[in-house]
Every structure is written in C-alpha cells, then in structure tokens.
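Here's a solo chain for you in structure tokens, the form predicted on its own.
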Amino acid sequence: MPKILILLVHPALEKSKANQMLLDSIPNSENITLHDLYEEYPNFSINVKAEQNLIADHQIILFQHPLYWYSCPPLMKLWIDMVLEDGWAYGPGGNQLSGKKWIQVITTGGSKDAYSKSGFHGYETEDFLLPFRRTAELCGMDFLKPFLVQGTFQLTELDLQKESNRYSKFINQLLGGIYE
C-alpha cells in the first residue's frame, strides 16, 4: 500500500470551511501523514533536510492548498524552491523523487464556470498549474490530475459534505493504488 504525504498549505485555514471539512474527511490510516506547513513553519524557516526525509518516506505527495492569485500560497512556493534542490530532486544525481506521484488538492472561491475559457478568469484551473506540472516532471515525478473543489464561497453545507465524501473516496482509491 502506498504511503501518502498530505502537505497542507493554507495561510488562513481557520477561515476555510471547505478545507476544514476536507481535512476532517481524511481516512485514518498509518499510511497517511498530514503535514501542515503553516503550522510547522510560521516564520517561513524551512528545515530542508527534515522535509526531504519526509518526502523520501512517501510515494504520493498531495499538496492541499487554495488557488492563491492563480498560483499557490507563498510558503508552498518557498518550500518548492528550497526543498526540491538541484542534486537531490533534479539535475545530476537528483533522482530522489523519481516515480513519486504529485497531486494538488485545490480549492477555489470561483466556480468551475468562472475557471473556463469563456468564464471570468479566461482559463481553466489546470492551465494555471503548468509551472507545477513542469516542476514535477523535472523531478521525475508523475503529475496527476488535480482534485478540485470549486465555487467554495457558494457551496452549501450539503455540497461541502458531498465534496468531503468525494475526497475521502479519492484518498482511499490512492491508498488502493488507483490513480485516475
């Protein structure tokens, strides 16, 4: 059974009902590690070796974060810049991530329609993920389709529960080796 590392990267988690409900739906398993980067590094002083050791012990890396100005929160960007070092994650001798899975679990305030070619943002959510795809590919990782929860500002309690159930099922599929 693969081991999953969930890197939670939300700068205002206490204000995100959607992310809280997703977190609450994570199956209880010894093969899942939840790692809250904003809790661990409130001063943005990342322990690179500890993070690399954590990644090395997992086959699937889930980055759970809001789409933040068409990208990721600043701590996630810093984490990528520091932890995915030349000679470790890529470049000569940099094969530590080869074959691992990269998946983003993304919440957006805007709806799926807003993130479409004809919508308010003019692009689909996946279009904003190209830098992450290329980073994963450079590191020899398999970049898999993101898990999206969109329109969070308009979701009802029932909608949020449905999304939470979908997330739990998704993680259980990953644990079972099913990558859609």
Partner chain sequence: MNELSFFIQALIYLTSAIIIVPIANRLGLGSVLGYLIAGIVIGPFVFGFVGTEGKDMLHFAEFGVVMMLFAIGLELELDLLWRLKFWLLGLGGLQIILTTIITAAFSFGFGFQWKPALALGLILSLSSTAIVLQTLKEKGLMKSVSGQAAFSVLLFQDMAVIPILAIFPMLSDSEVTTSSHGHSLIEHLPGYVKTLVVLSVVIGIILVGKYLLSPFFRLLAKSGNREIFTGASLLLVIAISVLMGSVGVSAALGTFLGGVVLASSEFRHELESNIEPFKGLLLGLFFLSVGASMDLPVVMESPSKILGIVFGIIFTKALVLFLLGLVFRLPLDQNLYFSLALSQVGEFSFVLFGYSEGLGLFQQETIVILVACVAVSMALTPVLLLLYEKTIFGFLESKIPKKQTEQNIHKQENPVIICGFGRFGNMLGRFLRSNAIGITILDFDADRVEMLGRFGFKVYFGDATRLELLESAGLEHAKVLVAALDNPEKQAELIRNVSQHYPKIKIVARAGDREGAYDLKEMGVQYIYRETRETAVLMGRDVLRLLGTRSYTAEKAKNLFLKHDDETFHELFDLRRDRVQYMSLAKQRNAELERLMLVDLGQEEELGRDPWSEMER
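Bear in mind that the values here come from a model prediction, so they are computed numbers and not experimental data. Numbering follows the first chain given and starts at 1.
Below: the form predicted together with its partner chain, not depicted.
Enquirer: Which listed residue (Glu39, Asp127, Asp113, Asp57) meets the criterion of a heavy atom within 4.5 Å of its partner chain in the predicted complex?
Expert: Of the listed residues, the single hit is Glu39.
Enquirer: My question is simply whether Phe120 lines the interface with its partner chain in the predicted complex - judged by any non-hydrogen atom within 4.5 Å.
Expert: No.
Enquirer: Heavy atom to heavy atom, is Phe143 within 4.5 Å of its partner chain in the predicted complex?
Expert: Judged by the heavy-atom cut-off of 4.5 Å, Phe143 is well away from its partner chain in the predicted complex.
Enquirer: Report whether the minimum heavy atom distance between Thr152 and its partner chain in the predicted complex is within 4.5 Å.
Expert: Thr152 belongs to the contact set for its partner chain.
Enquirer: Since only the chain is shown here, I'm wondering whether Gly93 would be in contact with its partner chain in the predicted complex (any heavy atom pair within 4.5 Å).
Expert: So Gly93 does not count as contacting its partner chain.
Enquirer: Between 1-34 and its partner chain in the predicted complex, list the residues on our side with a heavy atom within 4.5 Å.
Expert: Stretch hits, in order: His10, Pro11, Leu13, Glu14, Lys15, Ser16, Lys17, Ala18, Asn19.
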